[in-house]
Every structure is written in structure tokens, then in C-alpha cells.
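Just one chain is shown here, as C-alpha cells, and it is the form predicted on its own.
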Amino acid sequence: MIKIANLTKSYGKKIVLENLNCHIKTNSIYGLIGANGAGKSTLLRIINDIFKRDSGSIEIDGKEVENNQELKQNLVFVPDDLYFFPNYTLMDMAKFYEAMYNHFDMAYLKELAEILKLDTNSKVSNFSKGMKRQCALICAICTNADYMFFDETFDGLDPVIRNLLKKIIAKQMEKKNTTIIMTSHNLRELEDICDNLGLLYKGGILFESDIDSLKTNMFKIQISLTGNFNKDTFQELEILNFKKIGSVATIIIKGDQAKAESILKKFHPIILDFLPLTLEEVFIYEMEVLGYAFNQVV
């Protein structure tokens, strides 16, 4: 488990992270979303002890991260701004990682390179942006580190390769009980792979939840009743959003769906449809409850 308490980091007078608190469960994929400049990259670099914090604590499996060389054997970080040594091939990069990580799996790297059609003997500098991202990701995955940190994970990847790498990442988590933390400014990139999501805004985690809870405790209904009705008609329900056009209302409700359905059927509705919400819609309505506009936060 990663436990972050009261983490603060500033650059001069600019505060980037302020009293940030976060718990990331072991053997999970945690998605950190936020607008560009929200502090996602800074947070990952501090967790990996690349940047120094101003104050606060970071513990991984009960051990303080700072200056802990033994712990770093279990951490691997792929930054957004990739760097490769000049004239290095993918195989050269793999050997570099192999020298640093005791459990690096060279055979698996060759297998992944073949799947992704990456020439291990070609210079990485000659690869496209997307191919460089693939090289960095598979090198990190093959370290078999317990904790993997991917910044802007799928930047520059086409949809086919993105989906393939998601499968590879998920397989790694299941195979090795790996904990994976990935960032993006695009919620859609993360919603189908992450177990938990955190929204970073103004230096702190504004909103955090597991995906299953998000998707099961909020739903949309369309309803029509005989006679006039408005939001106050449904006072027994926790309504997050109510819109009525003509005789049909669209309502976003938070709570237990079966209980809500039982309450609504007492009104003998002409129309009663339950509709699924996308994860982005869920975040939008959760942000409205907190008094924020989602499109201003992400």
C-alpha cells in the first residue's frame, strides 16, 4: 500500500501540491486524472524520490520512501518526457534495465517486442513517438517491480496499440500482484482499466473512489407521470440533477437502484427507463455536488 499524508511541494512561491492525502491499495490499478499542470507528474516524481517534498510523508508497504535504496528496487517510473541514451537500441535499453533490476525478465521483453513489432536491434532514436512510448513501457513492465508508475501512459499511441498495452498491463498486475499508478488528463483513457480513480485539483485529491462504487451508486432515469410534477415530487430520492422537457424528466439519482425503482413505481409512471451513465458523466455530477464544473477541473 502507498500511504501519502499531508504532502506539500512548491517551486519558489508557486504551490503545486498542498497537504495532499492519498491511499493506494496493493494489487490495483490506480488512475490519477487532472488537467495539464495539476501536479500529476510532480506527485509521481516525489513518490519515486526523484523530487524532494517540502513536507509530509510517503510510505510504501510501511516504509518511508525518501533515500530508501532497497525500496527503489521495487519501483519503476516511466515519465511523460521520455529520454533514451543516444545510439541505444531497444536491446541496449533492456540490458540497462536488467543491470538495475534483479528480477528483469529479458525473455518476456523479447516476447513483448515481437508482439508489438518492435525491432530490438534498431536505434530507439529512429522510432516514432508512439514506438518510443511502447519501448519505455515494456522495459518497465519487464522489471517485475512491485510498483509501476506511468505518466501520461498512452500518449502518442494509436487505439489498437493502446488497447493491446492495456491488456499487457492488466496481465502484469494479475500475474505478479503489481500495483500500477497511471496518470492522464483524459478520463476515457483510464476508465476501462483502472480499479480506482483520483482527481487531482489545486494541489490535492479533490475526489477519489473505486470504479465499481462509482458505476453502481449513481444512475439516470427517464420518467413521465400523469399530471404535473417537478423535482419536489421525488423528495424521497437523492437527486443530483433534474431536467424536464415537456412531460418527460431526466433525473440523475444517487443511491440504491432497486430502492429507487420501488419508490418511483408508486407513482404509476407512464414511462420509467433506467439508463447507464458513462464514467465521465458520473464524474461530472459528482463534481457538481462538490460545487465544481468538471470541464474546469479536467
Partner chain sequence: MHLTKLFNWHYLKQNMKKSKGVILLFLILVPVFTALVTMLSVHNISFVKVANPIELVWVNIIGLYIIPFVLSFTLFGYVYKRTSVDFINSMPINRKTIFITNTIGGIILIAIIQCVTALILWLCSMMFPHYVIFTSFIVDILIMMFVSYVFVFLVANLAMTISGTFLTQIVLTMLILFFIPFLMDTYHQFSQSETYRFLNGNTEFQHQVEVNKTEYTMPYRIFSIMVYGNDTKLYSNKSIDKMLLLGAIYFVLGMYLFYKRKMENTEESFASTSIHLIIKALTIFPMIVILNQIEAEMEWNIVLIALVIVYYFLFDLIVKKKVTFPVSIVGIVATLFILQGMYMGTQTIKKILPEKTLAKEDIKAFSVSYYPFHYRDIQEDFLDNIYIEDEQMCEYLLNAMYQQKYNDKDPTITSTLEVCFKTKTGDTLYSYVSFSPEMYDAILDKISQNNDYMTAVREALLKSKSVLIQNLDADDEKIERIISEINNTIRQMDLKQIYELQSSNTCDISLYDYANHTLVKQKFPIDITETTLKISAEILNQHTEDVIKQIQHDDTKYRSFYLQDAKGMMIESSSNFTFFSYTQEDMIACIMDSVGETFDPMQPYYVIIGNIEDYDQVYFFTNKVEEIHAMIEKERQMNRVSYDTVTNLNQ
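Small disclaimer: the values here were computed from a predicted structure and weren't measured. Residue numbers count along the first chain shown, from 1.
Beyond the structure shown, there is the form predicted together with the partner chain, which is absent from this document and is the topic of what follows.
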| item | value |
| --- | --- |
| Stretch in contact, per heavy atom within 4.5 angstroms of the partner chain in the predicted complex, of 217-225, 193-201, 100-108, 172-180 | 100-108 |
| Residue (of R188, K129, H185, K95) lying close to the partner chain in the predicted complex, criterion heavy atoms within 4.5 Å | K95 |
| Option touching the partner chain, based on a heavy atom within 4.5 Å in the predicted complex, out of A35, I50, V248, L272 | I50 |
| Partner proximity in the predicted complex: R45 to the partner chain, non-hydrogen atom cutoff 4.5 Å | yes |
| 4.5 Å heavy atom contact, E70 to the partner chain in the predicted complex | yes |
| 4.5 Å heavy atom contact, Y147 and the partner chain in the predicted complex | no |
| Distance check, E66 to the partner chain in the predicted complex, heavy atom within 4.5 Å | yes |
